[in-house]
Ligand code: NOJ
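Below you will find one chain, with nothing else, as structure tokens; this is the form predicted on its own, and questions on how it binds or moves follow later.
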């Protein structure tokens, strides 16, 4: 599956902001790449306090990005090429400018004074005072994103209506945003202090608390998740659950899949990565990713020389693999906006897709909302058809992926760098370290990180996939 951040994929009208017609114009790139589905980050009307995740109309389209007819046209174009369309469903909060906040305030979580020590995901208190009423409302993210109360039947019915609306427009499923925030302790009691480190990045004041009451309240998960499943029917639902792999079970009772965040944040050592993928592979339906719109790109985290090994890893694991736009050409983090567009520092991962080597990367004929990063060095046009390119490696891996069978069996996980595992008759060998490593792989090499890579002398960031005869 391929994630598109619409504002940064392709601009069709020269205003410097990507849009749905721009996505439609690039559908053939997705087909050539070989992906099976596209996930669109939000295109809904939004004041953009949180990059579009603060939604003021869950069944609308931001006029800056297109129209409802464009969504239908995109779904049709993808379907004609054998691809599915997933939308971002944001069920746990709205924009503070959503009509519900004034017209149906009962749909949100309120208190007469801050009742607990809960912290917002980006740091700071999770309660803010509403200047009009004098009461305090809960926001798990920015103050402009008040939390919905999923214990209320009208909230459940309204969000089920959102799901059904988009299914009626040709959508095939949803990536469900921030799903661990859908159930909170009904008594709004304090979160206890954390006794062991949380495995993912968090601001210090958030990391100090065990968020067992402000989020991931397991006793309250079943009803809202079943409501989403009922509305979606058999359509695909993948959950963004910002929790360790061991805590994903209750979500997978109702979803088709959930993201294994541990892979994104694992130390880039063979032993650490092996431990993460072994845990994730034991899930019935894991989804894997190594970058997205919220975190640094792969090469900026682990080193550009390791990007190809990361691609081989991602696209040979059992389950579902998500590629973030630009990863297929090895894009790195950009410099961000000046002044910043995102106040949580995520601009670097959201720079425009680079289609050609011109200064704007072929993204727009105008001035891009964020500058192009390095189109003269990395672009689709510059890599298409070149056997040694990152783009052609991704295409080869996606073709190979459908032939891989069975679960995952680790053969070697050397802290010094060598990771070897099997998928049925295929053996994957990767060098995640800094020195040369030798890998004994049976069979014929069918994909390598670059032409001429020798498994007997894997350099840093190199890797192969070999298949036994038969």
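Residue numbers count along the first chain shown, from 1. Owing to the predicted nature of the structure, the values given are computational and were not obtained by experimental measurement.
We do not show the form predicted together with 1-deoxynojirimycin (NOJ), though everything after this point is about it.
In the predicted complex, no heavy atom of residue 198 sits within 4.5 Å of 1-deoxynojirimycin (NOJ). Contact check for residue 71: every heavy atom lies farther than 4.5 Å from 1-deoxynojirimycin (NOJ) in the predicted complex. Contact between residue 53 and 1-deoxynojirimycin (NOJ) in the predicted complex is found at the 4.5 Å heavy atom cutoff.
For the chain shown alone, residue 93 is a contact residue for 1-deoxynojirimycin (NOJ) in the predicted complex, at least one non-hydrogen atom being within 4.5 angstroms.
Listed residues 350, 98, 139, 378 were compared with 1-deoxynojirimycin (NOJ) in the predicted complex; 350 is the one with a heavy atom within 4.5 Å. When 1-deoxynojirimycin (NOJ) is considered in the predicted complex, only one residue from 301, 346, 384, 164 comes within 4.5 Å through any heavy atom, namely 346. Heavy atoms within 4.5 Å of 1-deoxynojirimycin (NOJ) in the predicted complex are found in exactly one of 393-401, 322-330, 174-182, 74-82, that being 174-182. With contact defined as any non-hydrogen atom lying within 4.5 angstroms of 1-deoxynojirimycin (NOJ) in the predicted complex, the contacting residues in 280-301 are 293, 294, given in sequence order.
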